[in-house]
Each structure stands twice: as C-alpha cells, then as structure tokens.
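Consider the single chain below, provided in structure tokens and representing the form predicted alone.
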Amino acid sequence: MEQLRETPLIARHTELGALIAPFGGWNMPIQYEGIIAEHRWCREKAAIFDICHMGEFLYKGDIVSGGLEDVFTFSVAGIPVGRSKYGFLLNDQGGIIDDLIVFRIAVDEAMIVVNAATADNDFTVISSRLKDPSLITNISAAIGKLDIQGPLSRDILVKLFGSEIATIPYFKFIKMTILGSDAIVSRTGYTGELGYEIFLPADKVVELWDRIMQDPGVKPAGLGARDLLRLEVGYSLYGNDLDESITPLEAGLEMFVTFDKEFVGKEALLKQRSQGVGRTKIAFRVGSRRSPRHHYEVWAGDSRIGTVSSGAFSPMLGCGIGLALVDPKFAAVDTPITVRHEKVSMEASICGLPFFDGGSLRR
C-alpha cells in the first residue's frame, strides 16, 4: 500500500476536526465544518487552504539556451519578471501531462508550480527536455504553500504583513520577508475570488497558519470547498477535466497555447486544429438541485454524446452544474441534454462559462 504523505499542518487539521482523506498521494483535509459552509465563507469573507501538497521546481539558468523555453505551451522567456503564467506540459500526442503555473522570479530564474499527484512525473519529464538537467531542482519538500482566498483576503494580509501586498495586480507576485523568511506572495488562486498564494519555507507554514487563523474573518476550508469553488468559475481540475488523453483544444483551453513557438505536442495540436476535434468541453446546468458526478453519461435524445468530467451542486446558482466532453455536433449553448448514471437521470442544458461571475477576483 502506498505510504501517504502529510503536510506540516496535519496536526492542525486533526485538532480542527477535519475529515482527512487521500488525495494525490497525500492525506489532505477534505472539509472541516462542511463543504457548503466553507464555500460560502470563502465567497463572503476569507478562507485559508493548506496547499503544501503541490509541487514546486526551481530553474536557474538561461531560459532559452538551457531549453526551458521549449518545454511548455507558452513562452517562459516572454513572461516579465514578477509575473506568472498558466499553461501546459504536453506529451507527443498533445495530451496534457499537467497544467501548471510558471513564476518568472528573475531573468535567469523561474519557479514552476505543478499538481501534487503529477509532481514526480512532471519533474522527470521536464528534466529530460532540458539541455542541462542540473539547471532544475525539485524544491517541493522545502516549500510550504497557503492560499488565502475571499473578498477580505487583501485586508487581512495587509493588517498582518503590510500595505505592499495591496499593490500586487492579478497574476503578479512580490518577494518579501514573512516571519523572518524569504517568501513569495502571489495574486493568484483557484476560487474566482480576490486571493493570494503564499510560498515560504515549509518549517514556517504552521506559524503562518496560526497567525492568519487569529483573524476572525478567516476560516479553514478543505479540498471539497476548493473543488466546488473552482467548478463554479469553470476552472479545470487535473485528473477530472484534464489528463494525458485530453488535449488543450478538446478542453477548450487553446488560449493557453502559443503556436508560434516550439514545444512537444505542437505538431499533434496543429493536426488536430486542422482536422477538428472529435470531442469538446461543454458546461451544463441541471434543471434541479441534483448533482451530476464524474463519469456520468451525457445524452442528447437517443444518442450518447459524451461523459461528465466534473459535477456538483452549486450553492451560488441553486442547481447542479457540470463540465463534460461531448461530440462537437451537440455542443451549442442551450442544447437540451440528459445526464444519466444507472437509475439516475437528470435533465440539463448546455450553457456558457463561467457559471458564477460575481466573485471578487478582479477587485
């Protein structure tokens, strides 16, 4: 049996009575007082998430001559220092090995933040594509990461760590000293709300958690609420909506692919773009409060047209919502569909994204 890893905050989660379950090779908190309550607190105030399980790699060297420029679907050299960018690591067939964010720390330095379950494989693949693998280091075990998300997140962090945090625009970051250690504070997140991600040494994470939790506007939220929050704003989840069998074009994420540069998988994507995709991502709303689930079937009349990749009940919309991969012939908005699984059947219709756009993300 696989030995599950634990973050430095496992004792805090236990003290708070969290439901803890395996996720991506880790024992992680799924919920504390309840997914719906944690979701609402994040939408209305501020939630803190333990995201220490995610992977971080540090690249030091010339971005172009070292080979990093050709690894991802976007140009790392084109990211200004102090900014971050979302995109993909692909296989030869254009399938998504992982979705990730690169932080351009300096002209010759970048931090790559990847999903927990894929981190070890990501590091192997990225290293193999560099001209000099010694330029990249897996720093995941040394880095702790906390996400503070919600409309009150800025005010709370400014009170604790100073007004410089209020100057960070969306998808930019600053380096600063927190609890006596070097830290990166990034205006990014996964909830659709104003929010920040803090990277600092792993041995400082418990102290940082305790400091932030002292604010009455903050409550802890688990991965259950995080999944619901991200789905409401239409963000993809690796392992559900993305994997090595799905390309960015099928996933509706072509905007994160730069075709005027080289990267592994480019030829496959160009061929797919020329010939057209055999399936495409759609969003749908259920006509009731029932929750569609991953792997439920999607039907249009008597034809099975695809499969649900993510689904849940949306507290903000008051109905079931989901993402699915379907035959493009049936992907038009307002197309009526039926979502089925064994004896479960729910009527739904295809809609646009995001499901919920009333968050504080751009404030």
Partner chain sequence: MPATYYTKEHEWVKIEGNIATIGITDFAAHQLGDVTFVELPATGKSVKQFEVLCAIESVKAASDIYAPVSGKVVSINEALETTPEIVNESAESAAWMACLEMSDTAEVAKLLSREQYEEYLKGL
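Values in this document were obtained by computation on a predicted structure and should not be read as measured data. Residue numbers count along the first chain shown, from 1.
Omitted here: the form predicted in complex with the partner chain. The next part is about that form.
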Checked A46, V326, C52, I35 for heavy atoms within 4.5 Å of the partner chain in the predicted bound form; positive is I35
Just one of F57, F313, W299, W41 has a heavy atom within 4.5 angstroms of the partner chain in the predicted bound form, so which one? F313
Which of 246 to 254, 110 to 118, 156 to 164, 287 to 295 lies within 4.5 Å of the partner chain in the predicted bound form, heavy atoms considered? The stretch 287 to 295
I'd like to check something about L19: if you look in the predicted bound form, is any of its heavy atoms closer than or equal to 4.5 Å to a heavy atom of the partner chain? yes
Partner contact for Q31 in the predicted bound form: the partner chain, 4.5 angstroms, heavy atom: yes
Does L228 make contact with the partner chain in the predicted bound form, using a 4.5 Å heavy atom cut-off? yes
Checked 331 to 363 against the partner chain in the predicted bound form; residues with a heavy atom within 4.5 Å, sequence order, are K343
